[in-house]
Ligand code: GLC
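Okay, so here's just one chain, in structure tokens, the form predicted alone.
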Amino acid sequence: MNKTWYKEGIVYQIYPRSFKDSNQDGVGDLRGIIEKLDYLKDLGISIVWLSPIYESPLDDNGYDISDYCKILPEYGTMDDFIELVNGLHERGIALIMDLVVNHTSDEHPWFVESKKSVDNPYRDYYIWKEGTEGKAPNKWGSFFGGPAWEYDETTNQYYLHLFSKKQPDLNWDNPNVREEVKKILTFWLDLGVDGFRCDVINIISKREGLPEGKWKPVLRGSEHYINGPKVHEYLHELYEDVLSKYNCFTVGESVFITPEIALDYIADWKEELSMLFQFDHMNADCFFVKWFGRKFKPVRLKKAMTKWQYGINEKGWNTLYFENHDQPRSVSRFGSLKYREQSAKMLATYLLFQKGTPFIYQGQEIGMTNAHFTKLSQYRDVESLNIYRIGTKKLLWSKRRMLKKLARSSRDHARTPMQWSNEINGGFSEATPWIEANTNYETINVKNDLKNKNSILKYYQKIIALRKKHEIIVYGEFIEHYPNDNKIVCYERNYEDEKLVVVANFTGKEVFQKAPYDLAKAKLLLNNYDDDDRILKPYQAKVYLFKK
């Protein structure tokens, strides 16, 4: 396994709109991030992933881009961005940007031109098709619910949008589109960016002819674009023509993928992507998609995580995450609000000692929880609002039932303002925030955690410091023990003359500590409680280091 800087790094994702508001307009911005650069350095992270800051009408909070080479004025200026890049680099922190090129905004100049006529030079930048007997070309479904086609009166045709109707899909079969994407990559890399998180990158290639899909309750037609026919050809082209010329890395967001298929993207010899996000472990508390919830079981989480550890390692490189801008808060999903601090630390231990590059989402390091929302008017997320409309109007589910679904699974849970202090709106802004701050900011905030030596934040700092000190945590072989145990987590890492053993309790009750080795012969490297005996306290996690 080749050693590289991004494998040894710890990534911190910033959702700019919700991170820090510097000019008191209720919206986070680049200068707000600049204010917190020393906080990031002290946390110990080495890479920042910045969610979209490009010009956008914000139908999907910036994942609908109208100009890839301009900064949304709400967020600041290009000078602010360059100051941010330089400030990060001065502190030894790299920066990766979001690359959203499966689709653009419908307000992007390419699409504005594309709509004008069927023979417009930009028509083939997007995917247009004639209807069938007055209906959409096929029954493909959108990720945000509803059909994936939108009728356009001007040309009497439909365009494809696998997400919002304001996010038309680009036609990657058009070489001009691929050349435009290369220009975007080069523009940002030349400004000092160190890589990209590539949004839904395994769906950019659609099957020729866009055939009808087999019936499915959701995402009908997905077999014709997930890991599509030319996706590897196109990604290798980007690598060959642009990415290989820079010391950068890429992480691709991939939907409905297996470790075996993932290796086609990330194995070193493929020359496509550096690593992938996958979602198998996100089904530990739901069926297929998050809107069909089920009771969380630790064994489901373990099995999914281990599947990827065994399926990828030594051949490619894993990503490690529990939270991002699209997922509810992990302590509310997989931990316990009663034991919030203990379970947040346990989850951090379980995740960050595995093999792969860790991704921490803003607020995860202080144990931020799901929002308190009880009314539809409190939500802002286009996906959540679409799902609510479909549930109440088409499926005839009650408003109460749909609000319960949103309270459990909405993306807005990750998007409430970062909680910096116990001041108004958690210290995020003195103005009314674009989305309400979580009401628990008076107790859960960075200021409190910085003062408390036993806080979740201080615990994250310890883990990050250990990852930097011990190569075994980065490069060690992974072996799981007791895979079918629904209470205990136990795995080991092996590297050169060292062995590391992680044991944890995934429940709110005391359980007997099982371990495959005599832990009395090891050094206790980390513990989220003060005691070390054979009984694991609720959500207790411990890490032991053996010298062979």
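Values in this document were obtained by computation on a predicted structure and should not be read as measured data. When you see a residue number, it is the position in the sequence shown, counting from 1.
Omitted from view is the form predicted in complex with this ligand, to which the following refers.
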Candidate stretches 452-460, 431-439, 290-298, 199-207 - the one whose heavy atoms come within 4.5 Å of this ligand in the model of the complex: 199-207
Among the candidates His108, His325, Lys302, His161, the residue which, in the model of the complex, approaches this ligand to within 4.5 Å (heavy atoms): His325
Single option in Phe144, Tyr234, Phe478, Trp188 placed near this ligand in the model of the complex, where near means a heavy atom within 4.5 Å: Phe144
4.5 Å heavy atom contact, Arg411 to this ligand in the model of the complex: yes
In the model of the complex, Asp60 touching this ligand (heavy atom, 4.5 Å): yes
4.5 Å heavy atom contact, Val100 to this ligand in the model of the complex: yes
Proximity of Gln167 to this ligand in the model of the complex, heavy atoms at 4.5 Å: yes
